[in-house]
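Let's start with one chain on its own, the form predicted on its own, as structure tokens.
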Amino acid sequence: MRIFFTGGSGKAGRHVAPHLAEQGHHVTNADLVPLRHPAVADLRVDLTDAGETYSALAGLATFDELDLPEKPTYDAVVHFAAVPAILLTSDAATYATNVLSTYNVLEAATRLGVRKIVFASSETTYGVCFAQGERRPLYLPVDEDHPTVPEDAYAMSKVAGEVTARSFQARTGADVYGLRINNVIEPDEYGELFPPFLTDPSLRRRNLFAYIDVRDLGQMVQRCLEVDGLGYEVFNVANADMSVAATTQELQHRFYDGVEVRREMDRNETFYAIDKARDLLGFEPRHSWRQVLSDPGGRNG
């Protein structure tokens, strides 16, 4: 597939875009900063500018494409570009950048006839991650039916992006899949970040004690590209286990006493339910901190 990948130079994108190229796809990274990966074409695009976005999606990616008998078109768009959190710029700029860029990408892609669009939403949409003070989910495990009522500018922008994506899907009938991505972890971060998590699980409360290895995120995007015909769907994206040493039941009693539990959960199962991605896409995470670090509580394995 010829893929227009926005935000390929960001923390997640710099792994996922090359992963897709390794699967044989032709990937163009549309970003303000080049990735400089030999298998990925770089194109500087300001996605908040509708004209730039449309022009980039309608144009060539490399000089080699000049030798083709006809100008190629994109088969898919993967939209990861965004201000990735609060407190990086003003709230107003975060919201405006994310909402406008998502609208521009979706409008350009659908008007140009792209039939597969995968976009990055966020765990923050559930209103827990960036809440002021203590906030608990309404029930466990948190699935895609859980209400999305955030109060921060970043998560608001992601909810607005989901509404926008659903509207463009209804207008065009294209496949548009949203990924509510949990806290992205790179392989070299386990040794630095996770030891404190294993001894003090409260550090992971805002992420519902979950995470997603960036290599498994790449697999998730690949599965979205391979599975057609779902229309509009959103998916939680996380690894299958907790990011802490405490068991699921221990965390439930300590942090979520009184919160409704809708089904029995395994001893290390994530509160951030990935059942839907498993059922509809065949997503199966392969990576875990347990493959890298020792569990101080002796629960590893």
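Bear in mind the structure is a predicted one, so any value in this text is a computation, not a measurement. Each residue number is its position in the shown sequence, starting from 1.
Heads up, the form predicted in complex with a small molecule isn't pictured, but that's what we're talking about next.
Taking the partner from the other structure, the small molecule in the model of the complex has a heavy atom within 4.5 Å of a heavy atom of P84.
By the criterion of a heavy atom within 4.5 Å, V184 is counted among the residues contacting the small molecule in the model of the complex. Residue contact check for Y177: none of its heavy atoms lie within 4.5 Å of the small molecule in the model of the complex. Contact annotation for K11: at least one heavy atom lies within 4.5 Å of the small molecule in the model of the complex. Shown without its partner, this chain lists L47, A61, A273, A246 as candidates; in the model of the complex, only L47 has a non-hydrogen atom within 4.5 angstroms of the small molecule. Residues of just one listed stretch (26-34, 228-236, 66-74, 257-265) have heavy atoms within 4.5 Å of the small molecule in the model of the complex: 26-34.
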